[in-house]
Structures are given as structure tokens and as C-alpha cells.
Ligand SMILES: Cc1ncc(COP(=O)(O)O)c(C=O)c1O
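The data below hold one chain only, encoded as C-alpha cells and taken in the form predicted alone.
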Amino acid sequence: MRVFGDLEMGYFQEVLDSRQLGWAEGGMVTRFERAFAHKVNCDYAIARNSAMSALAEAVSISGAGTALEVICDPMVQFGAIATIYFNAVPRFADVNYDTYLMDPESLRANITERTRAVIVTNLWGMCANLGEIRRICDEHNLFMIEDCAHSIGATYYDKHSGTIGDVGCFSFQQGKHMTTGDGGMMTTNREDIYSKLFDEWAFGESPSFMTLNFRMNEVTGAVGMAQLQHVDDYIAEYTENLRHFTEAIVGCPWLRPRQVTEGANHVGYQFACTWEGDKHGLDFGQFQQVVRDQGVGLRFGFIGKPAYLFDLFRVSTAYNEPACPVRCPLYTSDYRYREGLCPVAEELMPRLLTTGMIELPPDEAKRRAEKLHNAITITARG
């Protein structure tokens, strides 16, 4: 379980003694940035007040803008929301049924002359096929953004998530692998990107172009410095929780386990599997009731439907007329958010069974996994 104690208090006291609570060059936030960069083995890290801010900022420097496209995956909405912040159009690539992660072939098929960037989500503790996605981005000169909110500790062929794309965006919100309450971190190996983020995207008087204040403060940085020293233990605990749940469904022919991307490791964040009981003559509603009766704590269907079927994208954003982004008069395209856009995601979403591994005590995780196994047995018996 998470630890907050003397280590945090020591860093807090350093900040208080400095009498500098806001960001100060060379202060606690700078130390946190350097420690995080070392942790994930990248050249640069820049702290932000949230991962959502980081994603938006990544879009802003990608070259995307009004009537231009950013390709996102549809399992979560955050990349697409970040895209709309800067009047660009989210275009959705489908996912792989076995991993729930962006399908490189669908990515390739969705590239148009308007495409400027790709946001790939390393979902629920696992990296996507980042090598192939990187090759596609390089081939088409696309800016590659990794959403790493769920993937501290996850690697792809021994490279940490957030270090293969042009920019990685990590989250320290309460429900993530480590928390500062709220907060985020951007990572990059490109000096030009670091310079742009550091020099031009800090709020100041008469900036050279429109800027936003996404800085992290020194108090938050103090928490981050301490929590970064605990995060390996947290990840090990969450990954052990995941192992219990994964083992609970072994041998069940109608709960399909999530497959691991080739070359990736899978760290504990959220357990997920896919319901295929209808192919075996079983009733999903009955299984759900058994799971509830057993107290497993599973969530069914995740967010219910792919991101592009939510009104935020289909109806309007901040603008009433025209209804941006896809009905913007500057966007002359027949692209629409509709059913059938990403058929794999649409087939997968209502079948997903998920439950969080974060802050779940190990003994409780083991008990719930046993209850899941019991629910499988009861359902199979009819």
C-alpha cells in the first residue's frame, strides 16, 4: 500500500525553508524532473499540473491545429479531448482485439494528407506495438505522442513507455501508479522539443505566441520526489494483484485473457478480460449477477462504447455553430463519428470485464480473485 510519511515531510520542509512554493528553476520540481528522467532512462522530463494538460500541450507543439487531424485510439477519450483543445480533428484508429491497443494497420489506413500527429495509449499497464507505430510515424513524418497515464514501469523491448514517441505523458493523479494528488510529467529525448516546452510554454508577459500555464508547483514536486522512491514497490504489489486475477480465469474457455504485446511487459494497473460466454451458450446477465453476488467488484463494459460515439465528439464541443470539429467549414471531409467506424473496438467494449489493481490490498486482491474463480465455476454449472 502507498506510504506517505517522513520522506515526504522532509522534502516539504525543504520547500518551506526555501520560502519558494511556486516553481523555481533548480528547485524541487527540477529535482523531480531529473529523477523521473533517470527513472525512465530518457534525456528530458518536464513536470506539469496534470497529464491532461501534458496531452494538450503535446498536441499544441505537434503541428496539429484547425482542420488538421490527430489519430487516436477509441478505448479512452483523453487523447481526442486534448486534440479538440487546439481545434484539430480526432481521427480514430481501431484496436487489436487481444491487447485492446492501437492496431498499426488501422493507424496506417487512417492517415490522410491532413494528419499531423498520433496519440497512442499504453492502456492499463501495457505498451502498444510502439516499434511498428514509430516506424509508421517516421514514414509519414507524424509527431508521435504516448499517453503513459497507466504505464509507469511498463517497457517495450526494454525501453520504458514514454521514451519511444516524440513525447510521453505520464499521470500522477490519485488513481495512478504513484500520486502527487494531481500532476503529470512529459518526457522526450529530443532537445528541440524540450527547449520549446521549457522556453516557450511557460506563462509570462507578452509571450511570443499563445501560452498556457501548466507548471507544477514546488510542494507537488516534493511529494513526487518522495513517491518516486516508493513506486517500484507499488508496481510490484499491483503486478502481483494482477497475477492473482489472471490466474483465476486460467482454463475458462469463455473468458478470454488479455494478450501481452510482443516485446512488452505488463505491469499491474487494471485487470481486464473479454466475455465470450455467448459463444458457449451462457447468459451474460446471469454471469454478471453471480459476480455481484460473490462480491468480485468487476466493472462490465468499461465506458460502454468507443469514445467517438459520445456526444462530446458527435454533437459539438465548445462551439455551437458550427459544430466542431468534424463539421467545421474548414474541414472539408466526409469523415464522421458513427457506428462501424472502429468495428473491433465496438465489438470489444461491451464484452470487457475490468477491475482496478491500484491501492487494492494484496490479501483483498487474492480474495476477490478467488471469488472470480468461484463465479466462473457457478456459472459453468448453470
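All values derive from a computational prediction rather than experimental measurement. Numbering starts at 1 and runs along the sequence shown.
If you look for the form predicted together with the named molecule, you will not find it shown, but the lines that follow are about it.
- Contact between residue 52 and the named molecule in the predicted complex is found at the 4.5 Å heavy atom cutoff.
- Under a 4.5 angstroms non-hydrogen atom cutoff, the named molecule in the predicted complex lacks residue 287 among its neighbouring residues.
- In the predicted complex, at least one heavy atom of residue 78 sits within 4.5 Å of a heavy atom of the named molecule.
- Looking at residue 256, you'd find every heavy atom of it more than 4.5 angstroms from the named molecule in the predicted complex.
- Listed residues 165, 183, 268, 306 were compared with the named molecule in the predicted complex; 183 is the one with a heavy atom within 4.5 Å.
- This chain is displayed alone, yet in the predicted complex one of 222, 149, 242, 93 has a heavy atom within 4.5 Å of the named molecule; that residue is 149.
- Only one of 291-299, 167-175, 224-232, 191-199 places residue heavy atoms within 4.5 angstroms of the named molecule in the predicted complex, namely 167-175.
- Contacts between stretch 116-145 and the named molecule, counted in the predicted complex as any heavy atom lying within 4.5 Å, involve 121 alone.
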